[in-house]
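Considered here are two forms of the same protein chain, supplied as structure tokens in two stand-alone entries, structure 1 and structure 2.
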Structure 1
């Protein structure tokens, strides 16, 4: 987590991003209550920005409101995750195919720079984890944007990516998975660079299915512990 104190500019946005980071890396656990007062104290802001940030978490699917208990961090079941992965595979493979047809040289360069940066992170080199910040710093987000299909991009960015980020991060902590995922990302970029839609779609499908198998295994292991 970054410094808990935030500036007064776009407070709700900053608080929202800090809470998302905390949820993704597990500083705020799945199922944890989200109190306006506690959020306000934690990030040194008033209750207004804290309240707005919680509303945004609900809109993104990262929090849910329970009658008589208030907002809580979403805690997905294995069936929920399976459904999301099935939807993600269908949409991301389509996005990757379209990106192979439409991506610009500049967008390919951005993806390559993104992966170079990821590969230099100590935790990735050590195979410990593979954390991707949101927005264009997220490899999958950038590919969805490169599809140049705004409806498809919004379907992924608004309904899937944010809610799956904590589970993607946990999956990446499986020994060896970070390096394996980076190799799979490179295979996708190579297909995009060659403007091969079928190869790009196949590479993305292989990556997502590998991610699902790893996520499923990690989820089941956590349930048994």
Structure 2
């Protein structure tokens, strides 16, 4: 039972989480139709929980719905991705600035552990791509948490990271990006350690824009093939 949380999960919760996983991992492809009936049959529940799960996918930004027609998994264009990166820049730069004002020594230590863990990864040592699912994810989560702003944290974790993950995965193979990203992460942590909000925000902005350039070129490359 991985159901050790305080309140017992409802069927809708379970279906929702499993669909999110399936989308993020790639088992359900972008643009796929999401039929209430199909989901209900697939997970052995009635249409109620299936329908509810789809609503929550829509709220999360992973699906689009049209009344009386149905829902589909979002299929982001390059423009959509640009919009998403702009949104992420707004949220995460603010989170980083607030974190510089409010972060505790223990939270700084967590970030430094993250960096150490990343530096030891074989991909980094070999100079290849360093992004593994959940890898720098932890890093960004820790910063969002250190902002001590619950709404900001939830906006990032619920509505940004999971939506971007399938597309970041595609673009994480660029050679050399691993070490570059690690350097940028170090700059962010350094600014946070010295509690310099302006520097922290600037370092995060530089990191996200660099990540966008990388994602953009990978996206265009993938489209040509």
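Between two forms, the rigid core is defined as the largest C-alpha subset superposing within 1.5 Å. Residue numbers count along the first chain shown, from 1. The structure displayed is predicted, hence computed values, not measured ones.
One of the two isolated chains is the form predicted on its own, namely structure 1.
Comparing the rigid parts between the two structures, the hinge point among 77, 35, 115, 91 is 77; every other option is more than 12 positions away from any hinge. Between the two rigid parts, the smaller one rotates 25° against the larger between the two structures, as C-alpha superposition shows.
On rigid-core superposition between the two structures, the C-alpha of residue 65 is found to move 7.7 angstrom.
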